[in-house]
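Before any questions on how it binds or moves, here is one chain, the form predicted alone, in structure tokens.
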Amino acid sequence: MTETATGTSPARARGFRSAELDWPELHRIPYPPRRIPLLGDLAGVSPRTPLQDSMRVGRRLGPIFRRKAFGKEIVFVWGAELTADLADEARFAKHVGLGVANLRPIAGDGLFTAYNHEPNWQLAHDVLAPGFSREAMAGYHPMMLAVAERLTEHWDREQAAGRAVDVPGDMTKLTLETIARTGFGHDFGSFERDRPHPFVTAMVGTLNHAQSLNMVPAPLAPLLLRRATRRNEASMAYLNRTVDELVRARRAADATGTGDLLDRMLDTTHPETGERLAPENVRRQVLTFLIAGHETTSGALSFALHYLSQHPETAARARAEVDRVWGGTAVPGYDQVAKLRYVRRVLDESLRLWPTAPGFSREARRDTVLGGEHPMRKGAWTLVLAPLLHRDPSVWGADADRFDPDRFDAAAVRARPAHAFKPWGTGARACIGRQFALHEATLVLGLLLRRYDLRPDPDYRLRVTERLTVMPDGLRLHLERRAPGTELAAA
């Protein structure tokens, strides 16, 4: 994942041109050999896999390193001790840079893309936070179950026809419908379509465009990306129209709402100031939740299903837990989902190896020294590579690349440093929808494990596609329907 170092403050502007201005002792931070004028460290880098290229470089150079391209120098961090220092909210804050800032033309000052000084972030956070309370989550649970049933009906048809299922595609349908229905009372009809909904196509287009902007010199982008820019403008226009129609329909209904996220955006005032979200900000927040609220969760589910298919002993253990905890309950209740502790470990271990939002940036609030060794001036920023943080051998051991859900049993979690696992970002700007995503993903994994045995294609090797988020590429699984009543016998 990459973000764009753009912003409004002089410090951000300096950081975009060259990190040398904000890191006084940049020479002490290693960089790849054979740096080329203008191109910098781009030799051998694929524009399709900048994250995975940076991971390979980071493994060689150590827990802090730098890369340069087209005059822009980026400092990367993945060491657990340095990441823990960056989590100090008194000295560091979220930095909106790289591909995240490239999404501002569509998401503006939404929760994910707002700069720290923009007031709408705090307003929206305070207004929407109750939408992720335990009471609200329990209200979303029946709708999550209903969408999951549409997935299993689709998978039953595919299995009966002897076809493998498109895991990333179907998980994207599932999570889009879930956030659309629970948050905004909308049905995209994804499972009734042979192709992705145009909203998904437009969303993927904007994410890919945000990524591509980082791979060309800024002055040449209008020329080199002219056609791509036109496509992106069309994608953004479609996304905006979709949300505007959704909001108009809600306003036209003129009825008492359900208290979902859209109702809160339209009708709830700030508890202290009495402020409401402006119409333009409502659009930006809806887009933020529709995009971020389904793209990352679909990736997390896809990686988890891949690892379960590759590790049948893990799948059997997780399935036994589902059968034991849910027993003969046809429809699991809200409280029963949190009891799937081993299934949750599978999800966490999948997020450890491939956090679907694989990087987050931090900037210095004032002049400071990172890790007691690297001076940073106010406004200097760095990008934390979460997949390498989650593989730091000083924390996770020499076998950090191995899939092992028991890394997340309670004793192991207590023994680990607090900031070694960061799939949701960090600090005040960490993901507001974390509990929503975890409940949805754990519920879905439980339902799928109870219903199917997962069979991988023996020739498939995990490939990871990057579009700011990460997703398994080309992952298809064969299904074997478990005999009816199997879970009752196991219980």
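Everything quoted here is computed from the prediction, not taken from an experiment. Note that residue numbering begins at 1 and tracks the sequence as displayed.
The same protein also has a form predicted in complex with a small molecule, omitted here; what follows describes it.
> Each of K94, A300 and F436 near the small molecule in the predicted complex, meaning some heavy atom within 4.5 Å?
Every residue of the spot touches the small molecule in the predicted complex.
> So which stretch, 275 to 283, 226 to 234, 288 to 296, 369 to 377, is the one near the small molecule in the predicted complex (non-hydrogen atoms, 4.5 Å)?
Checking each option against the 4.5 Å cut-off leaves 288 to 296.
> Can you pick out, from I106, L86, A80, L351, the residue that has a heavy atom within 4.5 Å of the small molecule in the predicted complex?
Residue within 4.5 Å of the partner: L351.
> Would you mind picking the one in Y238, F132, F403, W396 that has a heavy atom within 4.5 Å of the small molecule in the predicted complex?
After the contact test, the surviving option is F132.
> Decide whether W121 counts as a contact residue for the small molecule in the predicted complex under a heavy atom distance cut-off of 4.5 Å.
Flag for W121 set to yes.
> Spell out, yes or no, whether the shortest heavy atom distance between Y31 and the small molecule in the predicted complex is within 4.5 Å.
Y31 lies outside the contact set for the small molecule.
> Can V464 be called a contact residue for the small molecule in the predicted complex at 4.5 Å between heavy atoms?
Contact check for V464: no, nothing within 4.5 Å of the small molecule in the predicted complex.
> Check F65 for me: does it contact the small molecule in the predicted complex (non-hydrogen atoms, 4.5 angstroms)?
No.
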